[in-house]
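Below sits a lone chain in structure tokens, taken as the form predicted alone.
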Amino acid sequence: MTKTGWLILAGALGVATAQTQLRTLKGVVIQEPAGLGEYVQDRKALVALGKILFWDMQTGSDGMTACATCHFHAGADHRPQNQISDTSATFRVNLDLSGVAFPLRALSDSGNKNSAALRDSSMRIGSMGTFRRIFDGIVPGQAAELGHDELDKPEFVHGGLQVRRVTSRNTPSIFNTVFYGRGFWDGRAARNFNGFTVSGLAAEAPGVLVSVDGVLERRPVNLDPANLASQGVGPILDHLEMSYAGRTWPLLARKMLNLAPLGLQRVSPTDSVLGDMARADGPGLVDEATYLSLIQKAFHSKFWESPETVEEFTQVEHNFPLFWGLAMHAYQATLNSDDSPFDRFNEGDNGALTAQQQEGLRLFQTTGDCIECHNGPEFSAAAMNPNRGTRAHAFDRTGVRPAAEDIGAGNATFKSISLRNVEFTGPYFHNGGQATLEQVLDFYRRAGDFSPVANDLRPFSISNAQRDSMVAFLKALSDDRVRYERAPFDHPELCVPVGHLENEPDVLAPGDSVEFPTSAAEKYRLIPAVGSSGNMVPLRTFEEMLAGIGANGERAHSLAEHCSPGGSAARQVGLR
């Protein structure tokens, strides 16, 4: 099909304008923050710094929790145990996820949201963060920080032992997020980056220290659009996600500047960004690649050259949130999946979509009217590109749960996130309440789960066969580079916590840490390093994980191989 033919088809299907029309992501302009050149001298070096920081487990207060710990699987999370939280009811910690628990709200008639509920749970399927601990300091050269257990969050304490706390929202993918105007489910990460917090111009920020003729001056930061920078500075100091309570930016900087980048993790020599720096005989990067040298290469000298200290911290330590945020933005801006079967079909390859997938595309645009919220090349009304800005339906009410449980962006509205690679990012919705795409479509067929919530959905009628066609189309939004973790989606290895040991069912085993005697013992599993050519097997879907499919090595990220939290996880396995 030619592009002209596609435009005709789109018009025939009632797609309103070229701004909302479904089309390939190829060629969509990625807006660089205006004024970025004032700070950054080498954008390639900035991407490398961002990838290192994103995957480095040493950044977490426990020396084991990276940004990637919650975003290692198609940009999302894929761990099966201790992933539950609930702000409305009690729940069992350390529970294994099971297919029989989904959907979290099950109805006697899946097509009627007013039918009797067979099961209803306010649980959220989130992501494990850190133990609840209070920050006591750092030891230079040591990744794990000083701290002490705090048992003031009893929902994550069982039998006198605490488990890793779990976020109250499901982890969305970081892929294609550079196209959003605002970050997080509730949009609290601002489009403008102030160099310090998630809130942009709405919050006070100290600015950055700039060396001017040898004298340090504070100057404000206002970079736009840079939602990924704003979002990036949030989790790292959050005392649920990555940090002990009380840690500060300068102390995080001091710790990282005294550590070898990725010092606990192997990097593939064919890594598309870091391969030239990978250490051939062990974890980490070559000696020349220090965090200070990486910062110096990426940023203009006026942001790091001064030896002067201000309130006991150096210029580099003070400016670390600026370095962190812009590096995160630069790296994540490269993680865009624009080579799915849908993209190739849109570009004129008539055979890229099967007849069933083409029927699903038709239903997606007509009967289902899914393009109201999932439109444009990004498949998200929350996207922002030069042709359309932020549009209506960027944040909507969907009736996933009663509004009182989570107000989201206000009045229980949540971001209409991209559907690209949705095959691999289950469970679905902000509460993780649906395990499969079939369940998601059943939810939309009945126009949500709760009345009289004034949601922004309306029911539609399709057969199960038509539903299957829509599911087939949604799977045609998967990019094979994501499926096999080929560049730019390759990455260093990672050792992730996957729950806690139990001496018997529902009886947590105590850990052996002298420093943290009330923390439960943990289990860790390996995510191997992968180079630019990717894996030999595809990623496992959430549905496959619940069914046990792929544990024999036929799927990547099967979480079958143990690893040690104390050092390189790929001790006896070859790099891929």
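If you're wondering where the values come from, they're calculated on a predicted model, not measured in any experiment. All residue numbers refer to positions in the sequence shown, first residue = 1.
Note that the form predicted in complex with a small molecule isn't included here; everything after this is about it.
Only one of L228, L262, A383, C495 comes within 4.5 Å of the small molecule in the predicted bound form by heavy atoms, so just point that one out. Checking each option against the small molecule in the predicted bound form, the one that comes within 4.5 Å is L228.
Though the small molecule is not shown, can you say which of S85, S416, Q315, Q358 has a heavy atom within 4.5 Å of it in the predicted bound form? Only one listed residue qualifies here, and that residue is S416.
Does any part of G448 reach within 4.5 Å of the small molecule in the predicted bound form? Heavy atoms only, please. Contact check for G448: no, nothing within 4.5 Å of the small molecule in the predicted bound form.
Does P172 make contact with the small molecule in the predicted bound form, using a 4.5 Å heavy atom cut-off? Answer yes; at least one heavy atom of P172 falls within 4.5 Å of the small molecule in the predicted bound form.
I'd like to check something about A66: if you look in the predicted bound form, is any of its heavy atoms closer than or equal to 4.5 Å to a heavy atom of the small molecule? It does: once the small molecule is placed as it appears in the predicted bound form, A66 has a heavy atom within 4.5 Å of it.
Is P321 a contact residue for the small molecule in the predicted bound form, using a 4.5 Å heavy atom cut-off? The answer is no: P321 has no heavy atom within 4.5 Å of the small molecule.
Within 4.5 Å, heavy atoms only, one stretch in 88-96, 429-437, 108-116, 154-162 touches the small molecule in the predicted bound form. Which? Within 4.5 Å of the partner lies stretch 429-437.
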